[in-house]
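We begin with a single chain expressed as structure tokens, specifically the form predicted on its own.
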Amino acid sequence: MKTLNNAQLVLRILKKNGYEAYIVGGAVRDQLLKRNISDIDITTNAKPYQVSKLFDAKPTGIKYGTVTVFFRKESFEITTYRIDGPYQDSRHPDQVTFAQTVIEDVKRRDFTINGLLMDEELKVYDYVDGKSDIQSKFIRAIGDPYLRFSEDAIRMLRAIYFQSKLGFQITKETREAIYDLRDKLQSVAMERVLLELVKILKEKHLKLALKTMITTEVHKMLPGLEKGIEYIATLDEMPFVDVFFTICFTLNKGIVPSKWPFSNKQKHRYLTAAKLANKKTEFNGLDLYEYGIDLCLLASRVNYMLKRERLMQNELMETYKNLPIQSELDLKLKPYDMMEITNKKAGAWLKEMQNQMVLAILNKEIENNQEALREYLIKHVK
């Protein structure tokens, strides 16, 4: 409640100085739904420079009338009432005009459930029937859904995100607009698509959201995920984010499309785990050593969810725990000992010999002790 209380104080300061000001968007929706409130956005008829005179503020979106205000160790985005001009890039308006009334500002927003206002006394103002849609559990675009999604195509995924978060149904008109305009998602930067998708995957009503992706054919706009989404939507248990992507890429023949802006580490993880899942359904000690426990657990979980094998997480952990060696660093014969014994300088041979020793230990050909490794070294060194 501290965040809400401080936001109320910000509103009072703005109003005391002769301006209108309201909390707007998700915070009002969540207040009505009795959900936890985190971020709070404020809309006002004060211009950015006027807001900056009253608070410690930083211009974070000045082109669009937004400043971030720092107040009592918290931050609030404050945006001047505005009307958006035409959108050429399906993301940002070409120009922004400051609006005279809050009603004009509200009507350019995305969904009715996000178009509610709340004053400093927590009184709610509704100019778009948002309260009715919250009560009916509907996600409905404000005004013409074709216009809203043409302005910013990512709003189609945001509708599905709110469905995943709240469990609401998307209204017929809004759903039809998503279906008709789904191709516009291909013009959206993949960084934005991935960010919105990950948010969808983390919410409680993911299965409902995936079914909407299928019926609107949005899933066909997500490279390499189509078969995975169609399969996962049939499951009772929904996967976590990494398992979701790995299932999708496993069913995509182990291919991670280059369009996805994953980090190198993420891409390697999904690529290796997907190929591993397609290659094996059971993992031995050699696999655990070569790929590591993390990737083997991921591939095993994927195969379990694909109904290829039983759940083997505990057995894999136990097998890994009991490996006679988990790293070349665990070898009882150290590199400097190997060089001294062979009278050879450091080089590629050293790494190759360590790998041979590790494999021999894992295959139970030798034990990991100095005497056995010394004999093995003398016998196999070139």
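Numbering starts at 1 and runs along the sequence shown. Given the structure is predicted, the values throughout are model-derived calculations rather than measurements.
What comes next is about the form predicted together with a small molecule, which does not appear here.
So, a 4.5 angstroms cut-off on heavy atom distances: do all three of 109, 114 and 165 pass it with respect to the small molecule in the predicted bound form?
Heavy-atom distance to the small molecule in the predicted bound form: all three under 4.5 Å.
Where, among 42-50, 27-35, 344-352, 312-320, do residues come within 4.5 Å of the small molecule in the predicted bound form by heavy atom distance?
One stretch meets the cut-off, namely 27-35.
Quick check on residue 161: any heavy atom within 4.5 Å of the small molecule in the predicted bound form?
Result yes; residue 161 sits at the interface with the small molecule in the predicted bound form.
Even though the small molecule is not shown here, does residue 220 get within 4.5 Å of it in the predicted bound form, heavy atoms only?
Contact check for residue 220: no, nothing within 4.5 Å of the small molecule in the predicted bound form.
Test of understanding: in the predicted bound form, would residue 154 fall inside 4.5 Å of the small molecule by heavy atoms?
Although the small molecule is absent here, residue 154 would touch it in the predicted bound form, with heavy atoms inside 4.5 Å.
Do residue 192 and the small molecule share at least one heavy atom pair within 4.5 Å in the predicted bound form?
Output for residue 192 is yes: heavy atoms within 4.5 Å of the small molecule.
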